[in-house]
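Here you get one chain, nothing else, as C-alpha cells; it is the form predicted alone.
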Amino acid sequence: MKTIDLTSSTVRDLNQALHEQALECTEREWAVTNPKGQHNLAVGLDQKLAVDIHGHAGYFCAGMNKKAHIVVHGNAGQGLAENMMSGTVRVKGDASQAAGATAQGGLLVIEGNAGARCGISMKGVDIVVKGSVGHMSCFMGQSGSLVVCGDAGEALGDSLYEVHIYVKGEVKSLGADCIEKDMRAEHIEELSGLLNRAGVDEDPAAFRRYGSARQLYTFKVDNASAY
C-alpha cells in the first residue's frame, strides 16, 4: 500500500500520483493521512484503485470519480462525488450539501447524514444515506436511485424526472411534481439490492417510495405556478 501524508505532500502531489495510475498502474491500494479537511482530494480518478482517506475531507472530494473505490474515514464537505461516473465512494461520517450532484453512475454511500440538495440533478448514480437528508434533495433528479434510511427535509424530489426515491423515515414535504407511489414487488427487489450493495441492514418493506407525477414534463398553463 502506498501512503501519502498531506502534511509533507500537497493535494496536487496526491492527485498527480493517482492520475498517473491510469497510464501505468503500479499500485492499487492507497492511504491518505492527515487530510485536515483539504479540498479536491482524489478527484478525477480513472483507474480501479482503492483510496482510503484517514480523516475529514473538504469540498469536492472524489469528484468525477471513475472506477475507483474511495473511502473517507471522517466527514466530507460540499460537492462530495460530484459528477462521478462509476466506482464507489463511501463516507463514514456526514456529508455537506450537494453530495452526488450531477453524478452519472456508480454508488455513493453516506453512513451519517447528508446536507441540503443531496443528489441534485443526479443522472444515474445510486445514493444510499444511512442517516437523514436535508431540504431540496434530489432536486431535478433525472435517473438513478436515492435511498434514505432516516428522514428527508423540505421539498424532496422537487421537479424530478425518473429517479426512484425510497425513504424510511418522515418526509417534511414533497417538492413540485413529486408524489408518493405504490411500493410493489419489483421496488422491494430493487431496494434490497441497493441496501445489500451499500452494506446497510434495513428492512426494505419499512420504506416508502416517491417519484415523479410527470405533470411538468411539458409546459401546461394550468401548472404555471409550479414551474
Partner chain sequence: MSNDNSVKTGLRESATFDRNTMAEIRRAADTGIYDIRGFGAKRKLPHFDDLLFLGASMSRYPLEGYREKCNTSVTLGDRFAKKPIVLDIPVTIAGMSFGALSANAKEALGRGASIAGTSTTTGDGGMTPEERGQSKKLVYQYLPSRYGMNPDDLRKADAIEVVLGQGAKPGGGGMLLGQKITDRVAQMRNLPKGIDQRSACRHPDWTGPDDLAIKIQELREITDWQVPIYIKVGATRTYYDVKLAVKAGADVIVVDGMQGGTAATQDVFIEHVGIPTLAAIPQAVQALKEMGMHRKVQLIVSGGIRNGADVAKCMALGADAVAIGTAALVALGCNDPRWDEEYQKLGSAAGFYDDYQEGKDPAGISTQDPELMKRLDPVEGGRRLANYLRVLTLEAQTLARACGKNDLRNLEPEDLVALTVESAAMARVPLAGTSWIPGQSF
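What you see is a predicted model, and the numbers here were worked out from it, not measured in a lab. Numbering follows the first chain given and starts at 1.
Form predicted together with the partner chain: not shown, discussed below.
* in the model of the complex, does K123 have a heavy atom within 4.5 Å of the partner chain? -> Contact with the partner chain, yes.
* Flag D52 as yes or no: does it have a non-hydrogen atom within 4.5 angstroms of any non-hydrogen atom of the partner chain in the model of the complex? => Residue-level check for D52: no, no contact with the partner chain.
* Contact flag, M85 vs the partner chain in the model of the complex, heavy atom cut 4.5 Å -> Although the partner chain is absent here, M85 would touch it in the model of the complex, with heavy atoms inside 4.5 Å.
* Indicate whether the partner chain has at least one heavy atom within 4.5 Å of a heavy atom of E29 in the model of the complex. => Close contact is absent here: in the model of the complex, E29 is far from the partner chain, nothing within 4.5 Å, heavy atoms only.
* Could you spot which one of R197, K172, H39, K36 gets a heavy atom to within 4.5 Å of the partner chain in the model of the complex? => Residue within 4.5 Å of the partner: H39.
* Asked: Which of these stretches, 182-190, 41-49, 164-172, 198-206, has heavy atoms within 4.5 Å of the partner chain in the model of the complex?
  -> Stretch 41-49 is the one.
* Does each of R12, M64 and A101 have at least one heavy atom within 4.5 Å of the partner chain in the model of the complex? -> Looking in the model of the complex, the three residues R12, M64 and A101 all sit within 4.5 Å of the partner chain (heavy atoms).
* Asked: Who in 14-34 is close to the partner chain in the model of the complex, meaning a heavy atom within 4.5 Å?
  -> The stretch 14-34, when checked against the partner chain in the model of the complex, contributes N15, Q16, H19 at the 4.5 Å heavy-atom cut-off.
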